[in-house]
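Just one chain follows, in the form predicted alone, and it is written as structure tokens.
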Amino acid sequence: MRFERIGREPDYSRYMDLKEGWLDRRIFSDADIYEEELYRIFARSWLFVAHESQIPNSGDFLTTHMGEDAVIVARQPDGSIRVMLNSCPHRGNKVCFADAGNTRRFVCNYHGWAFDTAGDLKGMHEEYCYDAGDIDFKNHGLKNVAKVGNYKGLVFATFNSDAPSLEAWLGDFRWYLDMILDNEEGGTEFIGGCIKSVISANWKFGVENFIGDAYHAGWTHDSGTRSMNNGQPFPPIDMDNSYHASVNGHGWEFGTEGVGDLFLLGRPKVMDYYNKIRPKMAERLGEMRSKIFGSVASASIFPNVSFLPGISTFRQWQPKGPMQFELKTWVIVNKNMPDDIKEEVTKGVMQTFGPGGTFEMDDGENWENCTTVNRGVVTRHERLHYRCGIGRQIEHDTLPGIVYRGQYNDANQRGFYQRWLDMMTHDEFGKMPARPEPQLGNVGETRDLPGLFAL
């Protein structure tokens, strides 16, 4: 699909200078910029739409959004997954109002147009009123997206027929993703349903917080941390052995002590479980990744998915205008994890990063205030500071991507906004620079990597 835009095409580079470390506040509230984001980023990127565990059987479906476009994600009889617009081609009404379920047909409640789970038009109310030649059934089904991909259980889709493969989109970031998706035989699953909440803030604030902002945690979340852990403060950060790593706008910030986030979850049984499987994790993924997992860490997949690998909250920031987003959260666990440990993880996530969690409420208030205050008529013309750690880039013999030393850093945030700028500026993916050049090649499984990256 190609999308023609009529109107202004500003020089988006004037909104930031990432080498100098500043951003223009207007990118968080300007309605015209937001509208361009929907076209240039959300209509062209690979977007997360489901975990395969949510739709295991033929006829299973869920509804979600890709940007502001409503879509249906449905499992097919042959086991494949289709993603299609949740909009009837007759008058545009929403076809499916359910969050999830199992069905053989999607039927529009306006005029009774009926579609199978692949989106094909199968019939309608009072079909006799259409004369021969009035309607071509083959060309009036629910519009399917251009591509659907699956990376170790995470299902993505894109409207862009020119998009690179999902594996190329994720690139070397797969090395990091496998710490949460492939640390144990059997893979992962979502448990406990989806929690949705609406926050009056710009979607980018949530993404950038999770992609690299460990800096806020010891201050913003101090009282929450102490309340969850017998008065103990946020774990100290080892600036010599913690890092930011960025790949084409995806980012993971992390320590290497292996326990910080598991401590914050406040569930000793979960800590014991991961300590028990850690030796096998090291055999499977290498020593370095077994040390990273469970550490104080957070990560985001460009453009709008984030997770805390040790705490097991997985989330998506769905844009609803320049000053509002819908936050969708799930609990992600290893499929082979014992049921009692899954229950402990779920309770820990709800107490920390559920809607009433000790940490979630802190963040939402901050993001709302940042969004509201930044749009002041004078305030919006002041620059925001993103220089923390700007001189700490290193070449690491094990970690792929653009790597900076020290977890208190703005490096991944700068990497995220660089990819934002790339998407807003370039009309073709082929003209966008790789940031950095791929290091891992065409390796199918990162656990099979030879040489330094296997350490």
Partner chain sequence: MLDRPLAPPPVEVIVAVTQALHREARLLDNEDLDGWLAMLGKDVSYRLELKSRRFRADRSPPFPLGPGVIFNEDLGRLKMRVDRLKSGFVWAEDPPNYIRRAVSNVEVLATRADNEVRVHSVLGMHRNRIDGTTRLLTAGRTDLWRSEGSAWLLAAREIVLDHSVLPDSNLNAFF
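Positions refer to the first chain, counted from 1. Source: prediction; values computed, not measured.
This protein has a second form, the form predicted in complex with the partner chain, left out of what is shown; the following refers to that one.
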Legend entry - Candidate site S223, E343 and Q351: all three near the partner chain in the model of the complex by heavy atom within 4.5 Å: yes
Inset, instruction - Although the partner chain is absent from this view, report whether R383 comes within 4.5 Å of it in the model of the complex, heavy atoms only. - result: no
Inset, instruction - With heavy atoms only and a cut-off of 4.5 Å, decide whether K196 touches the partner chain in the model of the complex. - result: yes
Inset, instruction - State yes or no: in the model of the complex, is some non-hydrogen atom of R82 no more than 4.5 angstroms from a non-hydrogen atom of the partner chain? - result: no
Inset, instruction - Please run the contact check for Q318 against the partner chain in the model of the complex: heavy atoms, 4.5 angstroms, yes or no? - result: no
Legend entry - Position in contact with the partner chain when the complex is considered in the model of the complex, options S200, N93, T379, S165, heavy atoms within 4.5 Å: S200
Legend entry - Of A146, A98, M239, A118, the one that lies within 4.5 Å of the partner chain in the model of the complex (heavy atoms): A98
Inset, instruction - Tell me the stretch among 165 to 173, 361 to 369, 204 to 212, 133 to 141 that has any heavy atom within 4.5 angstroms of the partner chain in the model of the complex. - result: 361 to 369
Legend entry - in the model of the complex, residues of 302 to 335 near the partner chain [heavy atom within 4.5 Å]: E326
